[in-house]
Ligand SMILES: Nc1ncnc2c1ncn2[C@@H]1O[C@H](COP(=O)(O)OP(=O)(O)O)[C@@H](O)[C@H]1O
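Below you'll find only one chain, the form predicted on its own, shown as C-alpha cells.
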Amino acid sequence: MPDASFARQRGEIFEYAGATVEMVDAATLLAAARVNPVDLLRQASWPEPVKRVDLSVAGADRPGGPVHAFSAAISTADEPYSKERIRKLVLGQDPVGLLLAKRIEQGDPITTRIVDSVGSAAVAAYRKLGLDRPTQPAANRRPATLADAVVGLQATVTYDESGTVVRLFAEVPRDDVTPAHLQAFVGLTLQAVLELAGENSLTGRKFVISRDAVPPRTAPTTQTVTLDMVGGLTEVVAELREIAVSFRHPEAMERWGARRPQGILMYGPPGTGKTMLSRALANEIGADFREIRTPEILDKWLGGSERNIKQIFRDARRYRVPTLMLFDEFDSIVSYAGAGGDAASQALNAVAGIFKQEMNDLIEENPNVLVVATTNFPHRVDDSLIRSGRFDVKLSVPKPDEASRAEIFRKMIQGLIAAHEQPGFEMFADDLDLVALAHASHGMTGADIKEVLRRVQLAKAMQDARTGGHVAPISQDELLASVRDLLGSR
C-alpha cells in the first residue's frame, strides 16, 4: 500500500488562550505510546518565568487494567550553571565585563582561563552559601486538580520541594483514550503555564504536538542532528535519552547519591550512525562537541603521543560548560594494548595506559564532561580500557532491520520534503511504499540509504538543469532502481 502521506502530515489545529496548537497524527501517537513513552512537544517557546516544559504520554499497567498516562513538568528554574549563567555571575554588564566577554568570544586563551577559574570559584561560593537554591518555597503550594469538563479528564497538580517545577499527571484507560483526551491534557498544561506567566502570555505563540520532531526548513546537517531525527535504533536512542536526562539533572543525581555514566562505548559496523548518534546526544544535552581524531594524539616523535593525550585530558578538566568528547575510531588510538614490542606498539601501550589513568577520576574532577568512544572493531580494544567505571555504557549499533530501514527512509524523506518542497514543487511522488523500499534494501545501513537518496536527487537535479524544469517528482520506481544500483556496485 503506498505510503507517502506520512511525509506531508497535516495536523488538527485548535486555539487556547490566544495560542495555536497543532496536533499531528494524534491517533498514531497514542498507539505508539502503548509500546514506548512519547515526548509530545516539538515546537514551543515559553513566556517568562517558564524556562522549559516536558510533556509526554506513556502506556502503563494498573490493577484495573492498562492505561495511557499523561504527564507534564513545567520548570521555572534556569539550567544550573550554564555558560551564560556563569558569565553573568562573573562578568556582569559593566564595561570591563563586556570587554572580557568580547575577548573570550575572540578566542583569547589567557582571558578565557582567568574567567573560567573565577567562574568555578563563583559556582563553589554560590553553592556553599546556598544562593543557588530557589527563593520560592513549595510550602505555600498545595496539590491541586485541573479538570476538562468536556472529556471528563482530571489532572493532579503537584510541586517539587524547590518550588520551581509544577507537575501535572492524568490517566485514561487504554480502551477509552482518544485524541480528545490528548488535546484536553495539552490545554490543562497550558492553563498551568498561564497561571505562572499571567493572562495573555500565550497570545501569538505556536505549539506543535507530534511523535516526530518538526523538520527544519533547512536540510539537517551533522551539526544540527538530534535524536528525534534518528531512524530506527529505538533501543539505542532510548538509552541515549536516559543518559541525556541524567546529565541535564545533576541535582537529582546528587539527591540520590547516583552517578551518571562517565563514558559510553558505541560499536558496530561502518555506516550505522555511531558518530551521528554522538553528535545527536551532544545536541540533546545542549553540550559543546569536541571530536578528538587520531592525528591529534599519535605522534611520530618519542613521547609526543603521551604528551598529546595528557594535554587533551588536561584541557577536559578545565571545561566549564557541558562538553561531549568523542574519540572516533577508538581502536586506532589504543588498539591491541599490551601487544607487540616495536616502537609503534609501545607508543600505543603508553597512550592506552595514560587513557586509563585519566578516565579513572574524570567525572569527579569535572562533571561537565562526557566521554564517548566509537569503534568498528571492539575486539581490538583491550577490556581493561573499557571496563565499568571508565566506560559504564556499551551500546551495540547494529545494521538496521527491515522495520528500521523503513523508519530511516521515512525520516530522511520527511526531512528532505520539509527542507525543499515549496508551493507548486513536490520533491517526492505519492506512490511511495516504504515497506517495499525497506525489503529491497536488505543489508543496507543508514549511510547507504542516504546515498540512495543522494543519487536520485542528483539525477533529478541534472535532468532539471538540462530541461529547464518540469521534472516529475521522485517515484517509487526510481528509488528502487537506485537501491538496486547501489547493491549491485558492492
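Computed from a prediction, not measured in an experiment: that's the story for all the values here. Sequential numbering from 1, following the sequence displayed.
The following text describes the form predicted in complex with the ligand, which does not appear among the structures shown.
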Spell out, yes or no, whether the shortest heavy atom distance between L416 and the ligand in the predicted bound form is within 4.5 Å. no
Spell out, yes or no, whether the shortest heavy atom distance between T189 and the ligand in the predicted bound form is within 4.5 Å. no
How about L168: is it within 4.5 Å of the ligand in the predicted bound form, going by heavy atoms? no
Heavy atom of P270 within 4.5 Å of the ligand in the predicted bound form: yes
Site check M229, L233 and K450: each within 4.5 Å of the ligand in the predicted bound form by heavy atom: yes
Just to confirm the contact call: exactly one of 177-185, 363-371, 197-205, 407-415 touches the ligand in the predicted bound form at a 4.5 Å heavy atom cutoff, so which is it? 407-415
I need to confirm a contact call. Of M276, V351, V321, A77, which residue comes within 4.5 Å of the ligand in the predicted bound form, counting heavy atoms only? M276
